Structure formats: C-alpha cells, structure tokens
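There is one chain below, alone, in structure tokens, taken in the form predicted on its own.
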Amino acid sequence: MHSLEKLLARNLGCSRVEAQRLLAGEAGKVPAEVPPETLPLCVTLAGRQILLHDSFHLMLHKPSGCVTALADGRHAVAATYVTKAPLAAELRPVGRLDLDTTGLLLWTTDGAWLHRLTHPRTTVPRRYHAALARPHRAMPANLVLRDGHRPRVLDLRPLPESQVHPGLPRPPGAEAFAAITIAGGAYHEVRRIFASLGSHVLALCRVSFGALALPEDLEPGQWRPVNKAEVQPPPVPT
C-alpha cells in the first residue's frame, strides 16, 4: 500500500507538510492509503484533480544545444524540458545524447529498468539519421575504431533526403544522408564510425530506441509518456 500523503508529495514536488495541508479536511473523502494496482489514480482535493503515479516513463525529443544532464555549469540541460512531467524530480535519462545530437531520449523513474536498458551487455538497437559532409565508404566486415573499440553496427545504409526524419536538422554543406543502427552507446560512437569511413557528421538525430520510434509530429523540446512494454530489453546475460 502507498501512503496518499507520500504520493501527493512525490507527484506535486512538494514537502510532506504541504501534502498534509492539502489533505486537511478531506478525511473520509479520499483514501489514506492507495493499493499499487490502482495507480495511476486521479483524486480530487479542494476541487482540484490530481493524477497520482508511482512510476513514470517518457520520451523527449531532445533539441540541439543541451546536454543530457540534470545540472551543468556551461550548457543548457535536457532536464529543463521535463520539469512539468509527473514525478519530475525522480526522472533520470536512459543513456545520453551529446550536446549537438537531437532526437529520442528516454526518461524513467525506475532505476532497475534504467540499469537493464543501459547495461553494456544488453542489446537495445538505437537508430540514427545522419547528415554527412560527404558520402561514407563501405563498412568493412570487422570495423575497428582508432581507439580499438569494435562498434556493433546492425545496419548502415544511404538515405534519400525524402526519407529523412523531420527531427534531423539540414545543415548547409550536407552532401549525403545515412541511417545507422547500433547496439550500444559508447561516447560519440556514431560520429566516430562515420569518421572512420571517411565522412563527417554535420547533424545527428536518434529516431528510435528499441521498438520505440520518435513521432514525426513531436517537436523538439516536447515529450510524451511511454509504456515500459514498448521498450522491453532482452535479459542481461549472466
């Protein structure tokens, strides 16, 4: 059972004392405890409807120019775009997109699920659309990057501009577009892959994570709730 007072404090981002004040005079009108299976649950307090969650997951269309961090002294942070989401103080990003990369960034309050999705041995495909300074060379059978890293590239193909996701910026000088799917998320991995193939990434957008795709009508900076079942990772090998 969940304490209604605690749920209110978590969902409203307020203190327990403030939650107690909201509940004052509501005895008998709302339950003091809430069964987990009834969540999310809408309660009415003083004429105000409040939707209570015990966990929450969302996809953000991350804009360019912000880092995947909760706080940063130099750059804007992606966390500012999810401050109005339920349980905002508990949301954590699933992996990272760098400063200039746009696209699908998953957030969750479930720490165990986050760990499963980001575990090095969990293969969750990530698909990106890239704007390139020039066409890339064919990828060798066993690609090894300069630092010895062997990326797990599941698919790589040229992409007609007509099929490029609207979330990918079209920078001046882009001579080619490509779609790449990798199973992993090492530092600047996609950019380093294209560099090793003789090209240079001018803009990059993550268009899917697992089976979850970035909706074409979701504008940069906007978010939508998602269900965990949409992004179930395979079990981590033991």
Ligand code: URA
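The structure presented is a predicted model; accordingly, all values stated were derived computationally and were not measured. Numbering starts at 1 and runs along the sequence shown.
There is another form of this protein, the form predicted together with uracil, and it is not shown here; the text below is about that form.
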{"query": "Residue (of 170, 188, 29, 200) lying close to uracil in the predicted bound form, criterion heavy atoms within 4.5 Å", "finding": "188"}
{"query": "Residue (of 161, 155, 72, 98) lying close to uracil in the predicted bound form, criterion heavy atoms within 4.5 Å", "finding": "98"}
{"query": "Partner proximity in the predicted bound form: residue 204 to uracil, non-hydrogen atom cutoff 4.5 Å", "finding": "yes"}
{"query": "Listed range touching uracil, judged in the predicted bound form by heavy atoms within 4.5 Å, from 29 to 37, 48 to 56, 207 to 215, 189 to 197", "finding": "189 to 197"}
{"query": "Residues of 114 to 130 having any heavy atom within 4.5 Å of uracil in the predicted bound form, listed in sequence order", "finding": "128"}
